[in-house]
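Shown next as structure tokens: one chain only, the form predicted on its own.
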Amino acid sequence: MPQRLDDDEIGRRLPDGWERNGDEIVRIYPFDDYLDGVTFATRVGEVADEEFHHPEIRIRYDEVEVRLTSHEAGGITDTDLRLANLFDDERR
């Protein structure tokens, strides 16, 4: 089981564009077109499924919100930060 990271480690390693919200990290990705957001959410879901670590994804008209946490560890782990970077790669 992954180990929960301490506050300092999370602060040092949190990718640009992501924010901490309690025991989660959150990013909102803006989109000009609804279907572009849906396509992105699908790609995020595919990456997450390959990694067997599933985020909460909210699709809105012009944005997609992604939330990551490791419930089994009780907070944010290396896995969450790694997936945040992988999701950012999908947006580029």
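Numbering starts at 1 and follows the sequence shown. Here the structure is a predicted model, which means the values were calculated and not measured.
The same protein also exists as the form predicted in complex with a small molecule; that form is not shown, yet it is the one meant from here on.
Undergrad: Select from the listed residues 78, 72, 23, 19 the one whose heavy atoms reach within 4.5 Å of the small molecule in the predicted bound form.
TA: Only one option qualifies, and that one is 72.
Undergrad: Quick one: does residue 27 come within 4.5 Å of the small molecule in the predicted bound form, counting heavy atoms only?
TA: Judged by the heavy-atom cut-off of 4.5 Å, residue 27 is well away from the small molecule in the predicted bound form.
Undergrad: Is residue 43 close to the small molecule in the predicted bound form, meaning a heavy atom pair under 4.5 Å apart or at it?
TA: No, residue 43 stays farther than 4.5 Å from the small molecule in the predicted bound form.
Undergrad: With a 4.5 Å heavy atom cut-off, would you call residue 58 a contact of the small molecule in the predicted bound form?
TA: Result no; residue 58 lies far from the small molecule in the predicted bound form.
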